[in-house]
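Next up: a single chain in structure tokens, the form predicted alone.
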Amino acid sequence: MTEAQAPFRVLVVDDDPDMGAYLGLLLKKEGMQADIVEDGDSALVRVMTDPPDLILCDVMMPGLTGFDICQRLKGEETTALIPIVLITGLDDQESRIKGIEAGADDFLNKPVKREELLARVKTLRRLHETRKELERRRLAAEVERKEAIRKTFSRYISPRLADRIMGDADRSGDIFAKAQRSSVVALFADLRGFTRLTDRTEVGRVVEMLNEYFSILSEAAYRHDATIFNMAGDALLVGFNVPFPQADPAARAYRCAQEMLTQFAPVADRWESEQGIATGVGIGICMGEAVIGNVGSPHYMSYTIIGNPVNSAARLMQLAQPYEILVCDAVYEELRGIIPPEQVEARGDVTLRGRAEPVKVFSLRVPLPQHSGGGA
């Protein structure tokens, strides 16, 4: 039976078996499900284990009274919205005030009249179902809102990091809203020879090739928990140690660069066999302090990183040959012991545009799949 077809469930609490049976019979004749218990403790256990849609509760019972039961259930977040009708032979104003203070939704006087009982139950049933529908819509809206936020985050970061942000309710609202200054590792990747390739390739095919290229690089970035900051033309900027600190950002950047080159090499071979022009990826990596935040105008904003490590990574990328990774000395110092010496070549001090002092540069070569046109 589906939730839409499930009967309306009423819990009857009365220490008088005859009264409980009578109320249950009236409810069942109206197509409702009636469960009957004879004391307050049993009522609390039943509600906590199998919450009903409505409670009809006698007031004067041994042990826990109807007032006690009402007050306890209305004080719990999980049961506060369950409607409770107190059935009482007390007709004084003080008792009704006590019931209202306990949280009762309505009252029935003994002896209970069938028409009055059903009228009260039907009214509270409509109210309860309205509350449930509003809560369902609220939860659906919350799920939709979180999914929209997650998709927004996923434009920049791996699904794993997006889930981590969404799991931190205190940070998810402002993780990209506040500008900050932090140490980052910036990686720039660029597709070499692609301009010549576009001159002789049909426009639709060019877009397909770019999509394939960016998909390979983006998936590599995601696997190493990088944040994607920018795709422009055929260049890609990603960062590490942001938005969350990482214990090994330089090593992650190097492994990410390795994967980008090895995964793209077979694609470049296929493109060369189809188009007759060799392509390859050049990569620059640098680290240092940068400013991270949303930059732009009221009409267009972009979450990005700004500073020397970004500019230096861009200049190193421009100097890199196809399938070469150029890194600054700060990055190389972090990678000592990770990279085999035969794959490292010191390029000496290089003056990069925008930097006042020369930068020590190291070339890292990555073994590529056999038969790759850009192999090391």
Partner chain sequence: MAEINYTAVVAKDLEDLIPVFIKNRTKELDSLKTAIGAGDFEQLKQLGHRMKGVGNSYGFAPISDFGKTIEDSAKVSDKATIDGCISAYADYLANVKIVYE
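Numbering follows the first chain given and starts at 1. In this text, the rigid core denotes the largest set of C-alpha atoms whose superposition between the two forms falls within 1.5 Å. As the structure is a computational prediction, the values presented were derived from the model and not from experiment.
The same protein has a further form, the form predicted in complex with its partner chain, not shown here; the description that follows concerns it.
J.: Every residue in Ile36, Leu81 and Arg126 with a non-hydrogen atom within 4.5 Å of its partner chain in the predicted complex?
T.: Not one of the three qualifies.
J.: Would you kindly say which of Ile97, Val112, Ala235, Val207 lies with a heavy atom within 4.5 Å of its partner chain in the predicted complex?
T.: Only one option qualifies, and that one is Val112.
J.: Whether Asp18 contacts its partner chain in the predicted complex should be assessed with a 4.5 Å heavy atom distance threshold; does it?
T.: Result yes; Asp18 sits at the interface with its partner chain in the predicted complex.
J.: Heavy atom to heavy atom, is Met60 within 4.5 Å of its partner chain in the predicted complex?
T.: Met60: yes, in contact with its partner chain in the predicted complex.
J.: Tell me, yes or no, whether Lys29 is in contact with its partner chain in the predicted complex, where a contact means a heavy atom of each within 4.5 Å.
T.: Judged by the heavy-atom cut-off of 4.5 Å, Lys29 is in contact with its partner chain in the predicted complex.
J.: So, Tyr22 and its partner chain: in the predicted complex, are they within 4.5 Å at any heavy atom pair?
T.: Because a heavy atom of Tyr22 falls inside 4.5 Å of its partner chain in the predicted complex, the answer is yes.
J.: Of these, 103-111, 211-219, 182-190, 278-286, which stretch puts a heavy atom within 4.5 angstroms of its partner chain in the predicted complex?
T.: That would be stretch 103-111.
J.: I want to check Tyr332: does it shift between this form and the one not shown by 2 Å or more at the Cα, with the core superposed?
T.: No, the C-alpha position differs by under 2 Å between this form and the one not shown.
J.: Align on the rigid core first; then say whether the Cα of Ala251 has moved by at least 2 Å between this form and the one not shown.
T.: Moves: no, less than 2 Å.
J.: Can a Cα shift of no less than 2 Å be assigned to Ala314 between this form and the one not shown, given superposition on the rigid core?
T.: No, the C-alpha position differs by under 2 Å between this form and the one not shown.
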